[in-house]
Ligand code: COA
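Take a look at this one chain, the form predicted alone, written out in structure tokens.
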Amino acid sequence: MNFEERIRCDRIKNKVMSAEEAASLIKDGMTIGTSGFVTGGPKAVPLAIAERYKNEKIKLNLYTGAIVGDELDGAFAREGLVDKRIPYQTNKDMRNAINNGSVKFIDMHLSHMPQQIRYGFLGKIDFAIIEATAITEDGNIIPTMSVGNSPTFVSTADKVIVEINTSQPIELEGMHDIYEPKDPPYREPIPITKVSDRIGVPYIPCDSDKIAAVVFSDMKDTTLQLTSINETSKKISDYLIDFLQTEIKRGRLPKTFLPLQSGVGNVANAVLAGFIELKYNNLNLYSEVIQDAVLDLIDADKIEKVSGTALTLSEEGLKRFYANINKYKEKIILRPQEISNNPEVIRRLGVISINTAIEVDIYGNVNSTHILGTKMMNGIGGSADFTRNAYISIFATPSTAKDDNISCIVPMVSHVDHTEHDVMVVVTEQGLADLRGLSPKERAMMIIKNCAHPDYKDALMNYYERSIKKHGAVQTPNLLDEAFLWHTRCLNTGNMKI
């Protein structure tokens, strides 16, 4: 390892210490903000904190960009160190702690969090703990595989701990574009008019006097576990791509296409993979996460530019990225999530959003966070940042779950994250429902007909028809005494089928 290449600021070279020494700086009641958006989270320092305090049971507030690794969420949850967690998580131990009430979880739109921190709405950040590729001559921080909320944590925290990860290649430098908006009343338009625009600097600005510790680590990120594209995902992808091509033929999408956003997971990865076979060679992505299919599209010369806040790759994808980093670096820009998810930019660019749902009701309301209306799954993430402001907003889900025992199309969603006013298209492996320009009753007929699984289609239609019979021609017919019977049946029997 070239120490001088990783720490170029002479003023902080004397602040290098072990993870255990850095952990001693963290005290009970503190709020810490860490890097991490699937990848790029600190590892050695959080593990040292969990080990140091496993017998003292201090309480900390943990703020991140989004998903962080088991070294942070898992280790802290297992030791009971977290009082409050914001804004998103996927770790099973953290999820269990949230759902048993031992952790207070605030599920927040990802683009809202940075400004709410700067406004003071979420309290003071005591320490920022940031994974870095290197520290510049002036003490500024070069991120690794993600940016997330790191710029805001660094600018607002009292002190900063930098964890330099030597397993990350120095060639990551230059991939990032760091820009933090001014706050009202001084905010200005964000000067992004095309995906390729760079508007900031390639590092996180940091006052070197703020840096309290520098820790070296070589721990690798946990890679994304993507399964091979199955028949269900392929059908969803085919319906979506056919829909988008039809929009071009009808003149409702430009022939040059518009930027795409795609959420995390297998369905989203399958949808992007479907574009490889198409004739378009100038695709742009303005998204949060950059998954394996994006590398496939770059390799196939289909991509003009990709903007996101994090690289979230499988083990195979990560190896490919490292082996060809300079090629991918020319195509990829990593921004703070306040910019990657910014409503102003999403609307200006005309982004087509593609996100996943846990369940959708017959009127087009979407639940993307709660199981059976009560237990938190992961969080809303950035799906609403994109959905509310998209040129076309799309939600994809298999029509059923748990071996067809649960219908993902229901009479009424058990929790609402995205209202019918924001959802334009719903697609399952059964078909696609274009809801634009439809009244509630028209939407219901379209969703039941096109998206519901055959095992549940008749029951959904029966519910809808009896709602009309009981209430007449009201705006949105529902049977309030039956709307959640499917969910209560599932709670009692594990099965929604009648």
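It should be emphasised that the depicted structure is a prediction, and the values quoted were computed from it without experimental measurement. Note that residue numbering begins at 1 and tracks the sequence as displayed.
Keep in mind that the form predicted together with coenzyme A is not shown, yet the notes after this line are about it.
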- request: Would you please decide whether Ser111 lies within 4.5 angstroms of coenzyme A in the model of the complex, comparing each non-hydrogen atom pair?
  value: no
task: Determine whether any heavy atom of Ser383 comes within 4.5 Å of a heavy atom of coenzyme A in the model of the complex, and answer yes or no.
output: yes
- prompt: Does the 4.5 Å heavy atom contact test between Ser368 and coenzyme A in the model of the complex come out positive?
  reply: yes
task: State yes or no: in the model of the complex, is some non-hydrogen atom of Leu172 no more than 4.5 angstroms from a non-hydrogen atom of coenzyme A?
output: no
query: Going by heavy atoms within 4.5 Å, which of 114-122, 374-382, 172-180, 200-208 lines up against coenzyme A in the model of the complex?
result: 374-382
message: Give me the residue from Gly263, Pro87, Gly308, Pro259 that has a heavy atom within 4.5 Å of coenzyme A in the model of the complex.
response: Gly263
- line: The one option of Ile352, Ile339, Val103, Ala357 with any heavy atom within 4.5 Å of coenzyme A in the model of the complex is Ala357
query: Going by coenzyme A in the model of the complex, which residues of 287-308 come within 4.5 Å of it through any heavy atom?
result: Glu288
